[in-house]
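As a starting point, one isolated chain is supplied in structure tokens, in the form predicted alone.
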Amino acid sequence: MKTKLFGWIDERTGAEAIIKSQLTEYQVPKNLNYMWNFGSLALLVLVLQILTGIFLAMYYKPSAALTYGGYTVAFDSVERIMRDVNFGWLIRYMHAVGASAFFVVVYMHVGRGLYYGSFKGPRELLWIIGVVILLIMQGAAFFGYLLPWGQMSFWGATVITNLFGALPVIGDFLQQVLRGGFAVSDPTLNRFFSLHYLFPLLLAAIVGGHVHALHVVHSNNPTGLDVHEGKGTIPFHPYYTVKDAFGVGVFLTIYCYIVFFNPQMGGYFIEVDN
């Protein structure tokens, strides 16, 4: 932060004061354990998912009506990403494994909040925003699961969209809007692709609000007693940046092992039999 470029930016944006107050000198309880690492890990996985998703969207074609070489275009485009795109297999496996990893770290994050009472006042709004994030995550994962146009994803989408039809009065209408027709088909795939691309960007914006709400009320701690700045607190950097870096190292070790050695986790996509 001592370079001329940063000094020029700081004069016009106050960036140094923001970085110090919200990151490097942000005060946190000194007794946080490794269960508090899962929040930063969730942010890391979200960034990975958005980046890999953008690259996959450059090559994926959401069409179940057209065929190429005997396969639907959607299924064939996934196969081409795996076989013909440079490192496409890696990007796809990173995205697929990252989706499961996202839920693991978020469930651990939510579980820690439940166990240590992080949903209690004055953190009720923080908890509500977190629940909204979880619901949007589940929606994004559901929409993305259909995109390879495999048997499991097709029937999974059929079953879940049938649940909307069970709602009184508006159920049939919602089901048809979601599917784009009376059955899971090409319009459904196009809608799911659009929503799957939109939801993570919406998620990133809400995560920003989640972090802001956290910095207003500050972190809970294992004792459940609020500590005041300057008494029982320490700066986030370097104490918790180092702790988070260790957690990231452990996570990436497991993540990379699965990506490179067991990415399918026993499951394979078989094209929908039309």
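In case it trips you up, residue 1 is the first one in the sequence shown, and so on. Every value quoted in this text rests on a predicted model; they were computed, and no experiment measured them.
Only in words, not in the display: the form predicted together with a small molecule, which the text now covers.
Within 4.5 Å of some heavy atom of the small molecule in the predicted bound form lies at least one heavy atom of Val131. Heavy atoms of Ala64 never reach within 4.5 Å of the small molecule in the predicted bound form, leaving it off the interface. At a distance threshold of 4.5 angstroms between non-hydrogen atoms, Val106 is in contact with the small molecule in the predicted bound form. Using a 4.5 Å cutoff between non-hydrogen atoms, Val97 does not count as a contact of the small molecule in the predicted bound form.
Distance criterion of 4.5 Å from any heavy atom to the small molecule in the predicted bound form singles out Ser118 from the list Ser118, Thr188, Ser77, Ser153. Among the residues Val211, Val248, Val227, Ile50, the one placing a heavy atom within 4.5 Å of the small molecule in the predicted bound form is Val211. The partner is not drawn, yet in the predicted bound form one stretch among 79 to 87, 161 to 169, 131 to 139, 188 to 196 has residues with heavy atoms inside 4.5 Å of the small molecule: 131 to 139.
Shown here without its partner, the chain carries Gly39, Leu43 and Asn220, all of which come within 4.5 Å of the small molecule in the predicted bound form through at least one heavy atom.
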